[in-house]
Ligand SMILES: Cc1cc2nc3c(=O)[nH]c(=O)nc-3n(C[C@H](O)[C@H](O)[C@H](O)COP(=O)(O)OP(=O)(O)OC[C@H]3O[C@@H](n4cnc5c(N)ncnc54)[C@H](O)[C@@H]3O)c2cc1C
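The chain below stands alone and is given in structure tokens; this is the form predicted alone.
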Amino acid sequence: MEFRLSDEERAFQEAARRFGDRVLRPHERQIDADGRIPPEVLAAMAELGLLAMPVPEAYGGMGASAVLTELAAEEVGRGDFSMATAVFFLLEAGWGHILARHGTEEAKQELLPAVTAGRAFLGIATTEPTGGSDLANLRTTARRDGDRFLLRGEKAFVSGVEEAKRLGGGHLTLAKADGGGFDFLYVPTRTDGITTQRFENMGRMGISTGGLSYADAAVPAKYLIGSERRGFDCAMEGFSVARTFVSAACVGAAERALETGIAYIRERRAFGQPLGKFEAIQFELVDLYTQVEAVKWQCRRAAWLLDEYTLKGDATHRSEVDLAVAAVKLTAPQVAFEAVKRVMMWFGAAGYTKEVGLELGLRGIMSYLVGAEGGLNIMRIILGRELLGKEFVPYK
């Protein structure tokens, strides 16, 4: 693995950072207040190539590597501290990759150019009202009916429900297959037989969260992802990719928090000297910095492994990839949350105000602690399984 970025990677990272500074930061309060990402922001993301980056150029994407996409995810997380734009970004990137890799040619030609142009939304729907991580026991069913599948059941805590209705698009949806196994289908949200519900979250206000109900919703067979009754592996591949980009966004948010804190403790004076001269704060800064640096390179390695194996369809190193991805998804949200929390405390009472803006990050990052793209204890289960063997972990 080469630690030094290539000239192309560095140039793109710099362009993504400029985009974050000039486009995302000025809009982040509006995104949080209005509950949506403005169309002009999505258009600017599409122009820069930030939407569904790994999708091949033939379908409107960049054909970007996981490492390049990880670099962009850091900058999106740094730019929109609320994490709403980061969620949009990582969903399009992770699940756009899955559609491009495992979808039918007809579906790819129809759907991906709109996704990469910001004219349609693409998300993931696996979680159900009875639970999110026990996918082997989900209840939504898909029954083959000629050249279509009929879906019955419910999904919950799904990101982008309103965006898929407003922009067009839908979600890659996991369902129990008729006859055993699991089918993975792209399901347009505007399909007859689908009703939606919006939930009110405490953070990430710029992207909706909600539920989907299917009452014999008919989905054309051309939207099947992978092969019939073998969709579970496609979904797991997508989670590995998306979790890596979640972690990268947390790294970017943590770095922004530290930059905000450093600027403050250099200037804010108490008892006749800058706060940064007090060892209690200075040492805390140093500890946070080393933790963020460590998890950043942990994340970079996970992306490198995706490029080396997963994105090439090499399943022989799946355990190594699963270990790296679960480890960084376990670590990055916790490190980012702690960084934001500690910097808020440096500000004292001001840190609790919206004027300082740190609360945006605290509310957004919290979603990755409680479960988005896999809760912390699920990452621990995956790590335990890979370290000790499946006989020690009674979960799939």
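Residue positions are given as counts along the sequence shown, with the first one as 1. Keep in mind that this is a model prediction, so the values were computed, not measured.
The form predicted in complex with the ligand exists for this protein as well; it is not shown, and the discussion that follows is about that form.
K.L.:
So, 66, 310 and 322: all three within 4.5 Å of the ligand in the model of the complex by heavy atoms, or not?
P.N.:
No, because 66, 310 and 322 lack any heavy atom that approaches the ligand to within 4.5 Å in the model of the complex.
K.L.:
With a 4.5 Å heavy atom cut-off, would you call residue 97 a contact of the ligand in the model of the complex?
P.N.:
Judged by the heavy-atom cut-off of 4.5 Å, residue 97 is well away from the ligand in the model of the complex.
K.L.:
Is residue 331 close enough to touch the ligand in the model of the complex, meaning at least one heavy atom pair within 4.5 Å?
P.N.:
Result no; residue 331 lies far from the ligand in the model of the complex.
K.L.:
Answer for residue 181 alone: is it within 4.5 Å of the ligand in the model of the complex, judged on heavy atom distances?
P.N.:
No - in the model of the complex, heavy atoms of residue 181 and the ligand never come within 4.5 Å of each other.
K.L.:
Answer for residue 232 alone: is it within 4.5 Å of the ligand in the model of the complex, judged on heavy atom distances?
P.N.:
Residue 232: no contact with the ligand in the model of the complex.
K.L.:
Among 198 to 206, 295 to 303, 110 to 118, 257 to 265, mark the stretch whose residues have heavy atoms within 4.5 Å of the ligand in the model of the complex.
P.N.:
Result for this chain: 198 to 206.
K.L.:
Please tell me which of 138, 124, 285, 224 lies within 4.5 Å of the ligand in the model of the complex, judged by heavy atoms.
P.N.:
Partner contact (heavy atom, 4.5 Å) among the options: 124.
K.L.:
Which listed residue (220, 131, 193, 168) meets the criterion of a heavy atom within 4.5 Å of the ligand in the model of the complex?
P.N.:
Contact check passes for 131.
K.L.:
Using the arrangement in the model of the complex, list in sequence order the residues of 349 to 375 with any heavy atom within 4.5 angstroms of the ligand.
P.N.:
The stretch touches the partner through 367, 370, 371, 372, 373, 374, 375.
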